[in-house]
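Single chain ahead, written as structure tokens, the form predicted alone.
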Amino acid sequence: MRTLTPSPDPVDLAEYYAYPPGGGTWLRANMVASLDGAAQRDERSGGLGNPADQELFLLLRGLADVVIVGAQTVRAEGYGPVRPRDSWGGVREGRPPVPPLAVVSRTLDLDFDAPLFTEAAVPTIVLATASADPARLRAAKERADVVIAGDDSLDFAAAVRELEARGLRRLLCEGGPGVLAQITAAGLLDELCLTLSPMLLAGHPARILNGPALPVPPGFRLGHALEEDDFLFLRYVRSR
């Protein structure tokens, strides 16, 4: 074992969290958890964070080409469209001003008149299935860029291929736990950015992955560990 001694010097987060060079597709997830593994506090992940976690949350959006999020998380967290941030500096040079949100929804139970769709600087993407209600599907196509990936359940590998075809290769998943479990089960997760919140919650909240046990758990190696105000910011990269 060895110590991870915190340095008093600030770090360049954009450098620490830069996507790998080369232009290949890379799917990272950004999640937060308490010390006892809870992914939510009062049914929201935002209750676990701090200002540094929020800063990182926004930066990771700026670095990404597209932000993938489940419809349940959109509703629970009150998602709106991604807004440009002065703090991004030049990380989006040569790209649209913001990444689009790609909302995962099998039932299309979404408010297509909400700002998430009507005020988005870049059209919101909806990742849907062929079995979706035709009327809801027509409503989605009026407000969003709809990607059909799978029949009754979403085929995440097919969805990623469709995003790649749109030139969206730096992918960021913000959950929720059900979506992240499916992405991981499909073997698509390359990186996990995990904020460890210094709280103990008990109870029976969801973990950062909420799904069946994985027959062969993927292994990850520690990319880096950062600290601020007793929060740990861990970056794990999948072992190949």
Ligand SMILES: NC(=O)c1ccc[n+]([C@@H]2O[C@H](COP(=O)([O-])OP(=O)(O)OC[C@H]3O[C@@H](n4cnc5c(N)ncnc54)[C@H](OP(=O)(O)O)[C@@H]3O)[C@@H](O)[C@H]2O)c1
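All of these numbers come straight from a predicted model, not from anything done at the bench. Residue indices: 1-based, along the sequence shown.
The discussion below concerns the form predicted together with the named molecule, not included here.
Consider the chain as shown here, without its partner, and state which of Leu154, Ala132, Val82, Val146 has a heavy atom within 4.5 Å of the named molecule in the model of the complex.
Flagged contact: Leu154.
With the partner left out of view, is Ser87 within 4.5 angstroms of the named molecule in the model of the complex by any non-hydrogen atom?
Residue-level check for Ser87: no, no contact with the named molecule.
Answer yes if any heavy atom of Asp190 is within 4.5 Å of a heavy atom of the named molecule in the model of the complex; otherwise answer no.
It does not: once the named molecule is placed as it appears in the model of the complex, Asp190 has no heavy atom within 4.5 Å of it.
Glu77 versus the named molecule, in the model of the complex: is there a non-hydrogen atom within 4.5 Å?
Yes, Glu77 lies within 4.5 Å of the named molecule in the model of the complex.
Taking 4.5 angstroms as the cut-off for heavy atoms, does Gly178 touch the named molecule in the model of the complex?
Yes, Gly178 is a contact residue.
Can you say which of 87 to 95, 162 to 170, 135 to 143, 104 to 112 gets within 4.5 Å of the named molecule in the model of the complex, counting heavy atoms only?
It is 104 to 112 that comes within 4.5 Å of the partner.
Going through 64 to 87 from first to last, which residues have a non-hydrogen atom within 4.5 Å of the named molecule in the model of the complex?
Contacts from 64 to 87: Gly70, Ala71, Gln72, Thr73, Arg75, Ala76, Glu77.
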